[in-house]
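Let's start with one chain on its own, the form predicted on its own, as structure tokens.
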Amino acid sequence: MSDDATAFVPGHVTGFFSAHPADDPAVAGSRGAGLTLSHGVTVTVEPAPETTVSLDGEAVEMPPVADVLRSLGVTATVDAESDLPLGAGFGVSGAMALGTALAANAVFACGRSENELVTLAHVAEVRAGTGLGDVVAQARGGMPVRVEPGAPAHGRMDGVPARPEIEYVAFGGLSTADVLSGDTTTLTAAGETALEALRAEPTLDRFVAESRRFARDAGLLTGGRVETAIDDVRAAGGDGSMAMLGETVFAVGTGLSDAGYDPERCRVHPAGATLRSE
């Protein structure tokens, strides 16, 4: 056992997805595609008599993190620092779950493999209703394409070979649990169509175009600031879409800046979650 360990997990923006529930949370998940970001979450785990979780210095209730620690049979202090807002479509809860799994495995010498740790975090997210595909995407990095749903033993991944600069503006949040617990028939049909198109032409431009089409066809663009910002980006000669699931717009290159916004800037992260120290 060591004193502490730290993991970095990239943020993840889903462009489009289809929901695939199952009785076994390791089998459940989503198909779709997204971007992992150089902005992400740094998670430090230290042994403690009871589990506490904080995000940017504030105590938080984070069921997926607690679930991961219970599955490993340990208690710990989990301190997370994030470049990204919670609940705005950046996969922060998935990043905290995966970072906790990687760091706790090192601190407590649990002896789990990478796929086992990814599975623990994925299962915790599915059980909590906070995500279906962020964890497996964050474990891979780049521009991951989730070809088949589920944890590593069940899912199948591919990727778009591009690493562009990204800008984003977060206007607010959406409840992932509320969306996933409702009727996802229309959303899933739109996601399947988008995935088929991207797999036929796995390029950055096609990803953004299909993401934008999905947001409209799935009924998630209902006017307001997100739709206005996307229209502004396109009018300025750029391209962008909505992050799933959040009141967030992402654009390639300087798309939001060119449209007159004051965005955050980062890049597509070239790798997946990484243990920084043991």
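Computed from a predicted structure; not experimentally measured. So that there is no doubt, residue numbering starts at 1 and follows the sequence shown.
Same protein, other form: the form predicted in complex with another copy of the chain, not shown, and the subject of what follows.
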- Message: If contact means a heavy atom within 4.5 Å, which one of 160 to 168, 184 to 192, 128 to 136, 86 to 94 is the stretch that engages another copy of the chain in the model of the complex?
- Response: 160 to 168
- Task: Using heavy atoms and a 4.5 Å cut-off, decide whether 102, 202 and 270 all contact another copy of the chain in the model of the complex.
- Result: yes
- Is residue 114 one of the residues lying within 4.5 Å of another copy of the chain in the model of the complex, judged by heavy atom distances? yes
- Restricting to 119 to 150, the residues within 4.5 Å of another copy of the chain in the model of the complex through any heavy atom are 140
